[in-house]
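Just one chain is shown here, as structure tokens, and it is the form predicted alone.
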């Protein structure tokens, strides 16, 4: 028993209770602040009540705007496409990191460049991307990709380098080709951890998405937040922020579920 007991094993009910505890505290604190501010000023826009936020969410999700569109779903689809396309490019980051970790010539060619490129602030490249690619989708997708590509590459590289050399030599001794060792021995071992790294970079990808949409876009979750900011429409901004966070949480949970199901052997080995 106790928070400082190394051998403590909370039961399912206790785990759920503790997991919900901070959410409930945050909710209670928000309600208290909102009610206090609205008693002093019923027209307060900075901390809207839950009733106002529900109305705001309903208006963007289930009521058509002047363009005969449901804004929330149009914005969600636009942002989802940008992040989805950028995520596909991370396949190349994984493959590059794998090759750098296993093949010395790839390491010599790419390592120093990737180490330097990883330290370049991606947001500082945003003006350059807009000049080079224009204000369309390409520059937004490029920013998201550039923001996480070096990190995924270097993480894959380090994991590939940590594979025991005995495994590689044994594979060569048994007649495996260099490609078979890379793709059938090393990649399956490091892929669960690489996917975990990608999962942990969802927040960074969303950050770059919002930054790109805020600067230049006419649709998207980030665009909508900065658009309604001009009118202090917190009853829309807060639901949008919660919606973005919920989508990121669900994507994270989905990928965690996939890793646990697809790579169950890793979980068993860890146990």
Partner chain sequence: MKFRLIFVFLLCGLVLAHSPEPPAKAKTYKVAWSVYVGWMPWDYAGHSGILKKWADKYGINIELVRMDYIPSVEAYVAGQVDACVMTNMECLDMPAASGIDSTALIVGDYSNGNDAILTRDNIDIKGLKGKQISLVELSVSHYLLSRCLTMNGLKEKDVNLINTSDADIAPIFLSNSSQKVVVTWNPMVMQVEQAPGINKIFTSADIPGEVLDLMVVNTKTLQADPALGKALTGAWFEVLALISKRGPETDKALEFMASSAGCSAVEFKNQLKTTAMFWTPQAALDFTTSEEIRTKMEFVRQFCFDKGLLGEGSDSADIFGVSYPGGEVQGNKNKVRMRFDASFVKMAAEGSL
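Numbering follows the first chain given and starts at 1. Quick caveat: nothing in here was measured; it's all calculated off a predicted structure.
Keep in mind that the form predicted together with the partner chain is not shown, yet the notes after this line are about it.
Out of the listed residues 127, 165, 84, 188, 127 is the one that sits within 4.5 Å of the partner chain in the predicted bound form by at least one heavy atom. Residue 131 is the only one of 109, 131, 179, 169 with a heavy atom lying within 4.5 Å of the partner chain in the predicted bound form. When contacts are defined as a non-hydrogen atom within 4.5 Å, none of 31, 49 and 221 contacts the partner chain in the predicted bound form. Checking 194-202, 75-83, 134-142, 92-100 against the partner chain in the predicted bound form, the stretch whose residues place heavy atoms within 4.5 Å of it is 134-142. Using a 4.5 Å cutoff between non-hydrogen atoms, residue 245 does not count as a contact of the partner chain in the predicted bound form.
Using a 4.5 angstroms limit between non-hydrogen atoms, residue 71 touches the partner chain in the predicted bound form. Of the heavy atoms in residue 232, some are within 4.5 Å of the partner chain in the predicted bound form. Taking the partner from the other structure, the partner chain in the predicted bound form has a heavy atom within 4.5 Å of a heavy atom of residue 227. The partner is not shown here, but in the predicted bound form the stretch 37-68 reaches within 4.5 angstroms of the partner chain through a heavy atom at 37, 41, 43, 44, 45, 46, 66.
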